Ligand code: HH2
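Only one chain is shown below, in structure tokens, and it's the form predicted alone.
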């Protein structure tokens, strides 16, 4: 369970809620208490239409929070960034995972940094950029195309010295995808887990869920739980969520049912 900690003024769900170190640290502690296994910290919004920021501003927002969380919360820290310079400083401050929505395409130095540091890396699929990704995204076969892209990026990562064991894949729900694309990726999520890498799903509070349940961002918890239940049934490894406690409960129930389904009762015909 990866708990989301946005230290941004403009993220789609909780922008501005945790912009001070004290607010961010308090939320990280809360997520730890609710059962988070990883804290994912991001200082640049990637919502549709978001404006990019430079590395100096991202570092200004990010590093004090990473240092505070690393000192006070005994959980692995993931850094949501596409910039190698930001990732390097974060790793030196205690981060263990680089969560790169560009799958290491934005910064030519990112792969060498990940290989050198030994950090885990999340490679995500995105059609376009945050500024353009929701302007008429199109696929012939979204599941096949996302799978092919993620395999290509994983192979490119290994060709640059990154070990297979460092790689995590993310289909990028909501990143250059219409509602039908997101739903198809969930329906066929097992095709992603069959690729042989750990797979992360970031469906929490996304717009496609809001469209289905007709609820604003802060009231999509139940809809998110439904999507997460499907992902768990189809073998997801990491869930990136805003509401840790309720999603932890969802996973616990679905996982328990799944374990029983794998041990069918033997019925005698005698």
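Bear in mind the structure is a predicted one, so any value in this text is a computation, not a measurement. Residue numbers count along the first chain shown, from 1.
Omitted from view is the form predicted in complex with the named molecule, to which the following refers.
In short, of 239-247, 224-232, 207-215, 64-72 it is 239-247 that has heavy atoms within 4.5 Å of the named molecule in the predicted bound form. Residue 47 belongs to the set of residues with a heavy atom inside 4.5 Å of the named molecule in the predicted bound form. The shortest heavy atom separation between residue 114 and the named molecule in the predicted bound form exceeds 4.5 Å. Although the partner is absent from this view, residue 99 contacts the named molecule in the predicted bound form, with a non-hydrogen atom inside 4.5 angstroms.
For residue 175, a non-hydrogen atom is located within 4.5 Å of the named molecule in the predicted bound form, even though that partner is not displayed. Only one of 146, 87, 200, 162 comes within 4.5 Å of the named molecule in the predicted bound form through a heavy atom, and that residue is 200.
Checking 185, 95, 124, 110 for any heavy atom within 4.5 Å of the named molecule in the predicted bound form turns up a single hit: 124.
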